[in-house]
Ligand SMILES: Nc1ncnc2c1ncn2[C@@H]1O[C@H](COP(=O)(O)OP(=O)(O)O)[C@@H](O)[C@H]1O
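Okay, so here's just one chain, in C-alpha cells, the form predicted alone.
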C-alpha cells in the first residue's frame, strides 16, 4: 500500500490518499522498443540491461533502469493532525484526489493492517474470521465478516488445479471455528471429494456433520447395507474400505490413507452417513398438485383441468385426509388407501374419460411404488422434512455434504431442498440460522440456457441469489468455467475469490461483474496455490478493492487432525 498527499490538505490536517499497488515491472531504457530493430543491437542492449540490474543492489545508481509500479485508489485516506504535532492518525473516506508529482510513501505492515480491515473491530464484533494474510506481507491479516460472506453470497473462480476445493475447505473450517452462532452449510459435491477434505469438521464435536447420499447406487453396496442394517451387510471395517475407495482424496493426503480409513470408520460407526429416502419425503401435494413427481401429458395439461382436480380431491376426501396436503407424507397404508379409492372412482361412468385416456395411470403406478418403498425399513433413512428441521435448528452448527452417482438426481435434489427451505422460511418468517447452499463445479448446476434438471437447479440458485438473503439463505459457487454460468446468478455474489483464468471470456465476465480492467486480473497469473485475489462489497474492510491474499492449506489442517487423533 502507498500513501500520496492529496489536495484536501490544509494548515490543520495533512491528508494522504491511499493506493494499492497492482503491478510492479522493471524497465530499461535500452529495451523500451521491445524486440523490434536490428537483432545485433537488441541482443547487446539486453546484455547491457542485465549487467545494469546486477550492478545495483539496494540503491538505484543507473538512470537507464526504473521500476514502474501501477496502483489503484482505495477511496480511503490517512488524516494526520499537524496543528499539535500529533503522531496518531485516522482513516476515512477520500476527500480529494492525489497530488500529481507528490512524493509517495510506502506504508508499513501495521498501517496496512488497519487499512485492509477498515471499520472491522476484531475485538468486539462477533462472527469475524481471519481468512488469510496478504500475499506479500504475512504480518497483515485479512478479516472477514461471516454473516456478510454467507448471506450476500460468494464465488470462487479459478482454473483447474489452483485449489478451489482446498479454499472451500479452509473457508468452512474458518467459519465454524470463528463463530458461536449456529451456521448451516450445505455442499453439493459432484466429485465426491469433500468427505476427505472436511473429515475433521464432519467428526468435530462442535459440528453436526453428515454425508447425505442420493440414490442407492451412490454408495458401494456393502456400505449401503451396513449403514441401513440390511441382511448380508459386511463388517464395519469392510464397509469402510469400500467407502474409502469411492472417495476422491487429494494427492497430499494419499500418504495418510490408513489414518483416513480409521477416521471414516469412526464416521460410519457414528451413523453420520445417511441415505435420502425419497419415498418418505413425497407429500400428497407433491404427487397430485405439482409436476415434481408425475408429469401430465402435455396435450392434456390444461384440458379438463377442473374435472381432473375434482376427481383428485374426491379421492383424497374419501381417504379422510383432513389437513394441509403439503404436510401429509405417505405411509404404506395411506398409499394403498388412496390408490384403491382412485381406482374405484375411475370405474364410475362420469370419470370414464380419464380411465380411457390413462390420465391417472402414472399416479396409480407411483402409489403402488410408494406402498412398497415406504414399507422398507432403512436405518440410515433421512427425509426432506428431517433436513429442513435441522437447517432451521438454532442450537448448533451443521454441515451437510450431498453426493449422488447421478448428476441429474443431484441437481433435482438441490432444487427440491432449496425450494422447500425457501418456502418454509418465507411462510413462517424465519431468518435464522444462516444457511449457505454451496455448489462446487457450479457450471454443472447453474448453466446458462440449461434444460431439464439443469433448469431446475439454476432456478432455485437464482431464487436464493436474488431473494434468499431476506430469509438467511445464501449461495456459494465455485467453478473454472465462468462463461457457462447463468448471468443472472453470476452478478449476485458480493464476494469473489479469483485465481488464474487463462480464458479471456472468463476474465471478461469477472471484470464486468466488478468493473475493473485486465491489469488487475493479470497479477493472478503469477499466483501459486493458496493465493487468491479477494474482492468484496460487504465482507471485508476494503469495499470492492482487490486484495491478493494467501490462505491456509486445507491438506495441512486435515493431516494435522489425523495425526493428532490417530497418532503419527
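Please read these numbers as outputs of a predicted model, since none were measured by experiment. Numbering follows the first chain given and starts at 1.
What comes next is about the form predicted together with the ligand, which is not displayed.
The ligand is not shown here, but in the predicted complex it comes within 4.5 Å of a heavy atom of residue 529. The ligand in the predicted complex is not approached by residue 9, whose heavy atoms all lie more than 4.5 angstroms from it. Although the partner is absent here, residue 550 sits close enough that one of its heavy atoms falls within 4.5 Å of the ligand in the predicted complex. Using a 4.5 angstroms limit between non-hydrogen atoms, residue 196 is distant from the ligand in the predicted complex.
Screening 457-465, 315-323, 423-431, 165-173 for residues having heavy atoms within 4.5 Å of the ligand in the predicted complex returns a single hit, 165-173. Of the candidates 250, 92, 73, 222, 250 is the one whose heavy atoms come within 4.5 Å of the ligand in the predicted complex; the others do not.
Think of it this way: in the predicted complex, the ligand has a heavy atom of just one of 160, 270, 306, 348 within 4.5 Å, and the residue is 160.
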